[in-house]
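Shown below, as structure tokens, is a lone chain in the form predicted on its own; questions about how it binds or moves come after it.
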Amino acid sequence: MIDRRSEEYKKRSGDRMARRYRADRRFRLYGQAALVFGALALCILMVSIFSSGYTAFFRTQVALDVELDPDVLGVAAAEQEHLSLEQADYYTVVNRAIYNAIPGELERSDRKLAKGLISNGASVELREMVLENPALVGRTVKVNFTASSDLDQLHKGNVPRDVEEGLRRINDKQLAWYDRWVQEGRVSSTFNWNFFTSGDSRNPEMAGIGGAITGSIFTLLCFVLSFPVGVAAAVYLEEFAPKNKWTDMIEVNINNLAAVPSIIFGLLGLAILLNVFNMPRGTPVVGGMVLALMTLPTIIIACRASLKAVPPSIRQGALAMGASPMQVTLHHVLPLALPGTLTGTIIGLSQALGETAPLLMIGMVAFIVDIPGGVTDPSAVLPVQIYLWAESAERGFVEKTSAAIMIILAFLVTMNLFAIYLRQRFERRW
């Protein structure tokens, strides 16, 4: 009887152990499946963004023979002054170059179609070239003009050409002219530096993120505001503040602010900075202040956690050597907590770089062509620029949207890698 009960007990114990091991294996498989699913989703997202946006880093150009006739430009050959060249008629000169590149006599409707193959900014490109080298006036030069967005997308293969004419933005006549230019070697692709140096534009082929990048850099002055205030608040709360109901309430509010939706900070900036203090709307200085308020709780929490990680023996040893509490904090505790503090700060700045909602609330959503020259000039930022381009269904802006997303992802990855480097390079383990 005892042997039978012993055997039954061993059997039940073995079954329970087997079930536990099976549950453990299932749990590991669930975790591995979740990791694979997450990695697969990330790969699909990155491939989708890259495949849609990498062509934005290249632009299509069409080489045209431009006759810079002073009479057509409206500039006297003897007095090619800078002001006179600025006001010259480059539009007519560019149109003549386009017509001359197409054989035969063009009707009025054909001329409009021909102009549709070259960017509307071609006259601006020619103007900048002549202003840089006034000696070109009176000569015939070959100029590489930026192609229109429709021709650019066709040349890159982003839109099909083997569909009915009514389904294409370029008709058969324009397609024939394009094919002739390709045979003549007029059409080429080059790296699109203009994408990084120019501001926004109504024409997709001329639009760039230069203004948005400059605005983002100016807006990140929130680091100048939030870092010293955040570190000072964390040091006081952790090292000097008395433990009472008031400090407890402050700590609870700081933790709650870290979880507040970012749009609430935008409403705060709209109500206080714009409506009460009448600060300029849609400027980096206001955006920086709003983002500083948003990142402040993150910096305080990260700094306090780093201060708590410093062993009490550091403080006790410094006090035993005769250092004052302030000297202990500034000379010993804070330097040891600085790597973790910087890591939290960089993560907070990465979050601020990708924010859109609070900046929309303070008016940084306007169409800005000029690159801002200071923190008080109207500006856009990268996330808002992506938002503006994403609203357009035109294929050229879809390409620019994906490319801008690639740029902002590169910034975020770089900043996070830098945070990891700081933590691994300077962090002390006790």
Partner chain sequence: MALAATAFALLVFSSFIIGQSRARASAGSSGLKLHSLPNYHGCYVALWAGVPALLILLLWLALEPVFLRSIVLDTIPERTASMSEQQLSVLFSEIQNKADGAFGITAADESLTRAIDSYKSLKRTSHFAMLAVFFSVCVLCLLFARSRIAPAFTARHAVEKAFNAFLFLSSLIAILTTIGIVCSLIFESIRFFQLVPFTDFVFGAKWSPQTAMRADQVASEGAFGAVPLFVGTILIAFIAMCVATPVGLFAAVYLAEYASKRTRVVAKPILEILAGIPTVVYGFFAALTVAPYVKDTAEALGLAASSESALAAGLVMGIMIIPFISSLSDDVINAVPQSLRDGSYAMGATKSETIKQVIVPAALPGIVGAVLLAISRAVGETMIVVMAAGLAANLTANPLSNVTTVTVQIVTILVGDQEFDSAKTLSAFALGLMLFFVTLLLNVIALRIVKKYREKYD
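C-alpha atoms forming the largest set that superposes within 1.5 Å between two forms make up the rigid core. Since the model is a prediction, treat every value here as computed from it, not as a measurement. Residue numbers count along the first chain shown, from 1.
Just so it is clear, the following notes concern the form predicted in complex with the partner chain, a form of the same protein that is not shown.
Each of F37, G354 and L412 comes within 4.5 Å of the partner chain in the predicted complex, counting any heavy atom. With the partner removed from view, the residue among R281, R180, R202, R169 that has a non-hydrogen atom within 4.5 Å of the partner chain in the predicted complex turns out to be R281.
Between the options V224, A305, V124, I272, the residue in contact with the partner chain in the predicted complex by a heavy atom within 4.5 angstroms is I272. Residues within 4.5 angstroms of the partner chain in the predicted complex, judged by any non-hydrogen atom, belong to 254-262 and to none of the other stretches in 254-262, 100-108, 188-196, 136-144. Interface membership of L293, defined by any non-hydrogen atom within 4.5 Å of the partner chain in the predicted complex, is confirmed. In the predicted complex, the partner chain sits beyond 4.5 Å of every heavy atom of P378. Though the partner is left out of this view, A393 does not reach within 4.5 Å of the partner chain in the predicted complex, counting heavy atoms only. Mapping the unseen interface onto this chain, V72 falls outside it, with no heavy atom inside 4.5 Å of the partner chain in the predicted complex.
Taking a 4.5 Å heavy atom cutoff to the partner chain in the predicted complex, the contacting residues in 229-263 are V229, A232, A233, V235, Y236, L237, F240, W246, M249, I250, N253, I254, N255, N256, L257, A259, V260, P261, I263. V47 shows a C-alpha shift below 2 Å between the shown form and the other one [criterion: core-superposed Cα displacement of 2 Å]. The Cα shift for G31 between the shown form and the other one, taken after rigid core superposition, is 2 angstroms or larger.
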